[in-house]
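First, one chain by itself in structure tokens, the form predicted on its own.
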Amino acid sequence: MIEFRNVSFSYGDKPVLENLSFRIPTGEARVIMGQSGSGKSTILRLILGLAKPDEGDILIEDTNICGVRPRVLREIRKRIGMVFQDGALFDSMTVGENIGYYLLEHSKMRFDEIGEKVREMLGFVGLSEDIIDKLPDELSGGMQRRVAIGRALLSTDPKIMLYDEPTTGLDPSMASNILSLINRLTEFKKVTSIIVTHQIADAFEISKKFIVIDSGKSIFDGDITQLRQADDSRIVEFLKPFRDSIANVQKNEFI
């Protein structure tokens, strides 16, 4: 579904990614971890075609998006949903208008049909219809994030979902709700997901495979067992605060 082949990228004379390669099969979730400034969010921008690599190829469903015509890139983007850290909702629009935005702007569906789709989506992301006429700033951070996921799903019926720090700033209960929703999308809708996060405990809740980025380079690509056994000093240092979380994951899998 998604493949990076020797991708390098820089902002001006500042290198961000260097010779990065990985492959994510259809229907899998993959967490990308690393220190702040390591290049994680840039990977999402490249997948969306918001930036182009200096070198290398990026394949989405076997189509190399590097150098394709804008029309082709727009069609590919229709199959990708994006959830930003702050939700990125339209402040002046209600919850219903935010979720139904794409259908309102780009379809010929009647308002009542769109309203029904919006209510169905609210139910899917675990929110009550009572908030349909509320503005985003009347919602908690976790609710805003779920509305953002609902908007992405109703806009494009995506085959790929990208999440940039989806649980940052949320209390444990709200974070758990978001993680459960991501898991539902992977399990039941077979959505291929990439989750950028530095919340290691959360990472173990939503994926069995992980990529660790350091200074723009991939220093790990594998599962939890391989991660625990990794002896690269950069990985060991990065994971040191989370040893208990890793041990608990392996213990629960064994049980």
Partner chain sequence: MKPVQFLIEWFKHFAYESQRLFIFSGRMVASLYGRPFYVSETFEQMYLIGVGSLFLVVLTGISAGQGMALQFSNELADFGSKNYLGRIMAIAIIRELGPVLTGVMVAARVASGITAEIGSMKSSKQLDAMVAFGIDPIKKLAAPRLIALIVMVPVLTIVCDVIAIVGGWMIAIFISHITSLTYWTAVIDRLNFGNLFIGIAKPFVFAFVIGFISCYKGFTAEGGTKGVGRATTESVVIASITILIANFIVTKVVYSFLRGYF
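Positions refer to the first chain, counted from 1. Everything quoted here is computed from the prediction, not taken from an experiment.
The form predicted in complex with the partner chain exists for this protein as well; it is not shown, and the discussion that follows is about that form.
inquiry  = Whether R77 contacts the partner chain in the predicted complex should be assessed with a 4.5 Å heavy atom distance threshold; does it?
reply    = Although the partner chain is absent here, R77 would touch it in the predicted complex, with heavy atoms inside 4.5 Å.
request  = Answer with yes or no whether A88 is in contact with the partner chain in the predicted complex, where contact means some heavy atom within 4.5 Å.
outcome  = Yes, A88 sits close enough to the partner chain in the predicted complex that at least one of its heavy atoms falls within 4.5 Å.
message = Is E105 near the partner chain? Define near as a heavy atom within 4.5 Å, in the predicted complex.
response = Contact with the partner chain, yes.
query = Is F84 close to the partner chain in the predicted complex, meaning a heavy atom pair under 4.5 Å apart or at it?
reply = So F84 counts as contacting the partner chain.
ask   = Among the candidate residues V68, I224, L48, A230, which is the single one with a non-hydrogen atom no more than 4.5 Å from the partner chain in the predicted complex?
value = The option sitting close enough to the partner is L48.
query = Of the residues N177, N183, T168, S155, which one places a heavy atom within 4.5 Å of the partner chain in the predicted complex?
reply = Only one option qualifies, and that one is S155.
Answer range among 147-155, 110-118, 169-177, 123-131 for contact with the partner chain, defined in the predicted complex as heavy atoms within 4.5 Å = This holds for exactly one stretch, 147-155.
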